[in-house]
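Only one chain comes next, encoded as structure tokens, the form predicted alone.
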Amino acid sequence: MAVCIGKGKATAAKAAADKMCEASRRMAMPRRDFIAASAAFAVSPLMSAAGRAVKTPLMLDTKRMAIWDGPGIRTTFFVKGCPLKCIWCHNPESIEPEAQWARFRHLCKRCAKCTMDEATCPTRALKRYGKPMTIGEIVSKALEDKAFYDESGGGVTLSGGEPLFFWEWAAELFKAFKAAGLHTCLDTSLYAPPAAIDALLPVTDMWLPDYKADDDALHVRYTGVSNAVVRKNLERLVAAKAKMEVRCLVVPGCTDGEDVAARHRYLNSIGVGERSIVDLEYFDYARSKYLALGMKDTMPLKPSVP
């Protein structure tokens, strides 16, 4: 049975239909867009309390489903830039704060005309290290795996490079993570001013500091800086009853033997128990990165196991 309606009623009906379509489109919002919109509520402006712009790092990488960077399943974000120059650094691309190009020679086919673009390089021999990401983009990325964090007791970890090299920015990022309901871990050398520790303490659920060498002369020789600042910051964390897991890298011929025992003794003396200390095995797998970046390979040799 046909139904006739007037022009006015037809216009009204069309408007109602349009509204229903718009509502349907909103309900069908892609999950990624929904997460991005939700993350916007957690974003703080990148300005210091004094009203000046905050030093913001380039980002190196995002590692999802990480299981060695704190409790549970995590997403680890890596910043580019570090004040230390560890000779054994396994992320040499993270030392300089500026963006860098790397060409992996074992993959390069020496094309007649290089694309100079990692996205179109046919053999993936080119890689650009260091890309900008806003706090909103980082939080949005982290929230994609929130279900896994909630199920496993995980969360997000900030690593590098050295996150405290950009401590004001890191504090803003962690405030955003906490506002989004995420557990936070900070992987750091602790080579930073006291203000950095004070800014991150309220928003960091767990600290993952390195203690690279107990002998200060060794620390200077192998990292380029004294461990006096690191020790003071370790003691500040203990005094604040911060939850932490101290990592002690054991580098054969450099920081093995007596220095490992000395690190444990010092940490125990300031109140860090053995259950909160982890000795890490050294690997020299990063040599191809040094070559690709045109950097001098300073990594100590790892003795072969018979």
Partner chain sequence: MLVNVVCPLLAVVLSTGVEIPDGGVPMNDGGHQYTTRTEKRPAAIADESAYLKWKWRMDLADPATGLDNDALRAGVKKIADESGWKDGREDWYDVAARCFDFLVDNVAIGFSRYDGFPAVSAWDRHRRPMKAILWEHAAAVDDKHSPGLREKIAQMRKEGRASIGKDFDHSAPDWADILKLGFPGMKARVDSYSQDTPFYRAEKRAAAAAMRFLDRLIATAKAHPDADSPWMRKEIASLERLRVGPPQTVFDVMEFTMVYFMLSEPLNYFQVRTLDNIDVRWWPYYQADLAAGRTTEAEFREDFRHFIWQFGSIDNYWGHPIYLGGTNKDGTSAYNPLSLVILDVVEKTALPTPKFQLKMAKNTPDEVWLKALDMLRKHAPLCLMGEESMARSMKPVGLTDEECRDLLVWGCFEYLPRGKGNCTSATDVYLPQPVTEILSNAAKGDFVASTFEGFKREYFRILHANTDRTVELLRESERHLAEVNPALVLSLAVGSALEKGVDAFSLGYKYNFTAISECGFATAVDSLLAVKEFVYDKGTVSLAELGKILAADWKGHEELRLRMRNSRLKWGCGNADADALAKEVIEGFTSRFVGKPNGRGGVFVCYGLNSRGFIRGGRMTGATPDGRRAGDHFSKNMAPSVGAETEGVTGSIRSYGAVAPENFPCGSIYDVMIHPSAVAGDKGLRAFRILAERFFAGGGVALNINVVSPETLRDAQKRPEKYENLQVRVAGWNIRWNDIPRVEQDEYIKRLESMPW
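Positions refer to the first chain, counted from 1. All values reported here derive from a predicted model rather than from experimental measurement.
Another form exists, predicted together with its partner chain; not displayed. Remarks below refer to it.
Asker: Out of the stretches listed (57-65, 252-260, 273-281, 234-242), which one is close to its partner chain in the predicted complex, meaning heavy atoms within 4.5 Å?
Answerer: It is 57-65 that comes within 4.5 Å of the partner.
Asker: Its partner chain isn't shown here, but in the predicted complex which of Asp216, Glu118, Glu137, Asp198 has a heavy atom within 4.5 Å of it?
Answerer: It is Glu118 that has a heavy atom within 4.5 Å of the partner.
Asker: Verify the contact flag for Ala112: yes if a non-hydrogen atom of it lies within 4.5 Å of a non-hydrogen atom of its partner chain in the predicted complex, no if not.
Answerer: Looking in the predicted complex, residue contacts with its partner chain do not include Ala112, since no heavy atom lies within 4.5 Å.
Asker: Does Ile73 reach its partner chain in the predicted complex if we count a contact as any heavy atom within 4.5 Å?
Answerer: Yes, Ile73 lies within 4.5 Å of its partner chain in the predicted complex.
Asker: Although the partner isn't part of this model, could you tell me whether Pro132 comes within 4.5 Å of its partner chain in the predicted complex, counting any heavy atom of the residue?
Answerer: No - in the predicted complex, heavy atoms of Pro132 and its partner chain never come within 4.5 Å of each other.
Asker: Given that the partner is absent here, does Ser152 sit within 4.5 Å of its partner chain in the predicted complex, heavy atoms only?
Answerer: The answer is yes: Ser152 has a heavy atom within 4.5 Å of its partner chain.
Asker: Using a 4.5 Å cut-off on heavy atoms, which residues of 129-153 contact its partner chain in the predicted complex?
Answerer: Heavy-atom contacts within 4.5 Å come from Lys141, Glu144, Asp145, Ala147, Phe148, Glu151, Ser152.
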